[in-house]
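Okay, here we've got a single chain as C-alpha cells, the form predicted on its own, with questions on binding and movement later.
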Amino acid sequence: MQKTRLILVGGFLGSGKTTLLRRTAGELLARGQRVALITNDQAPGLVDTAFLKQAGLAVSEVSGGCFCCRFDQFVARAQEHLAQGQVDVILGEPVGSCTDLSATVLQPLKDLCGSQFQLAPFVVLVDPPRAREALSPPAPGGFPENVYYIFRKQLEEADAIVLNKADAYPDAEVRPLAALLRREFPTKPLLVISALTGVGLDAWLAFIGKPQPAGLHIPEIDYDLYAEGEAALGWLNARVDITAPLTTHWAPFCRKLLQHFRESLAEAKAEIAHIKLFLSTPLGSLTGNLTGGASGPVIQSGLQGPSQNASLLINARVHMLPEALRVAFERSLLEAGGGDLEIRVRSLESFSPARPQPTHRYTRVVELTA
C-alpha cells in the first residue's frame, strides 16, 4: 500500500506558515495530487482553519494543545482524512509557540504509524527580524529570553530551515541573515523563499517532495524554561457578529481595528507575535494580519461588495497578561466601531498556554527501514 506523505511545517508565531501551506496545497492540487491539511491551536476558533477552508481546501483542526500534547487527536484527524478518500499529501501546521516536535511527534509517528505515513523532513520556517533578534546575543527584541529559547530550539530540531518573507526585505538584509543561519546550523539545508509571492517555491516543492530522512535531531529541552516561555505569551481567540446600519465596505473597519489594537498594545509596551483576523459576509471574506515591528496591518480582501452583516474571527498572540490583552482588544473593537456598529461578542477566550504535557517523548531517533 502506498503511504501518504506527511509534511509538518514548524516555525515561530508570525513566520508565515499558513500562507506557505495554502500556496503549497494549491500547487500540489494543480499537479494532480490529493491534499488535506491539519491546523493546530491551544483553543478552538482558529483563523487559519477558516482561511484555508475558504480557499476550498480539505481542512481539519486539532485544538486544546499542540500536536505533541494531542498526539492521538492528531493521528485521528490524519486517519479521518484517509478514510474520506485517498490522500496523497497531508500538510500539518503545529502551534507556533511549540518546540520539541521531533521527540514528541516525529519519532512517535515513525514508530507507531510508519506503515501509513511517509514523513517529509521537518522544516522550520523563519521570519527574518525574529531570527535576527533570537540569534544576536543578548536578544535585542521585545520578547523575554525564555521566548527566544523556544525559537532557538525550533531551529535546533529542524531537518531544514526555510528563511521566509524574502520579498519584504532587501538582499542586503537577507543575505547576511542567511549566512548567519548557515554558520549556526551548518548541517541543515537552508532555503530562501517568499510564501506570499512564490519566490523560491519550486525549490521548496522539490525539497519536500523528495524521499529523505525525517526527524534527525532531538535537542535537549529544559521543560521549565520552555513552559515559562509559552506562559509569557497572552492568547486571545474571539468570535464577533457585527451589524451596520447600512450596507458597508468592511475592509476599512478591519484596518482600523488592527491599527487601534496595535496602538493600544504599543502603549502597554506589549510585543506582538501575531494578530490575525478573518471576516466573512454573504459576499465573500477578507483576511487581516499584523506582526511585530514597524510594518502596519496587511488586509487581503475577497469581498465582492458591501453588506450589512459580518462575522469576525480574531486570534492574537502577544507578550502580555491575558486579562490585559482582553481589555485592549475589547477597547479596540469599540473604537473601530465608532458607535455606529452593533457589536455582539459570541465567544472570547484569553489565557496563557499551560505547561506542555506530551503524550510521548522519545529520546532516540527512530530509524526506518526501506
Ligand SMILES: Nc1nc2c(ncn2[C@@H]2O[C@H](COP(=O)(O)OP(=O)(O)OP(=O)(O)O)[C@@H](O)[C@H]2O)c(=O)[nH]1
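When you see a residue number, it is the position in the sequence shown, counting from 1. Only a predicted model underlies this, so the values are computations on that prediction, with no experimental measurement involved.
The following text describes the form predicted together with the named molecule, which does not appear among the structures shown.
**Q** If the criterion is a non-hydrogen atom within 4.5 angstroms, does every one of Ser102, Pro219 and Asp224 touch the named molecule in the predicted bound form?
**A** No, because Ser102, Pro219 and Asp224 lack any heavy atom that approaches the named molecule to within 4.5 Å in the predicted bound form.
**Q** Just one of 179 to 187, 285 to 293, 251 to 259, 106 to 114 has heavy atoms within 4.5 Å of the named molecule in the predicted bound form; which?
**A** Correct option: 285 to 293.
**Q** So which of Gly92, Gly215, Gly234, Gly96 reaches within 4.5 angstroms of the named molecule in the predicted bound form, heavy atom to heavy atom?
**A** Of the listed residues, the single hit is Gly96.
**Q** The named molecule isn't shown here, but in the predicted bound form which of Lys153, His274, Arg77, Arg130 has a heavy atom within 4.5 Å of it?
**A** Checking each option against the named molecule in the predicted bound form, the one that comes within 4.5 Å is His274.
**Q** Is there a heavy atom of Ala168 lying 4.5 Å or less from a heavy atom of the named molecule in the predicted bound form?
**A** Output for Ala168 is yes: heavy atoms within 4.5 Å of the named molecule.
**Q** Answer with yes or no whether Gly14 is in contact with the named molecule in the predicted bound form, where contact means some heavy atom within 4.5 Å.
**A** Yes, Gly14 sits close enough to the named molecule in the predicted bound form that at least one of its heavy atoms falls within 4.5 Å.
**Q** Would Ser352 count as a contact of the named molecule in the predicted bound form, using a 4.5 angstroms cut-off between non-hydrogen atoms?
**A** Judged by the heavy-atom cut-off of 4.5 Å, Ser352 is well away from the named molecule in the predicted bound form.
**Q** Report whether the minimum heavy atom distance between Val174 and the named molecule in the predicted bound form is within 4.5 Å.
**A** Val174 lies outside the contact set for the named molecule.
**Q** Could you pull out the residues of 176 to 206 that have any heavy atom within 4.5 Å of the named molecule in the predicted bound form?
**A** Counting only heavy atoms within 4.5 Å of the named molecule in the predicted bound form, the contacting residues of 176 to 206 are Ser194, Ala195, Leu196.
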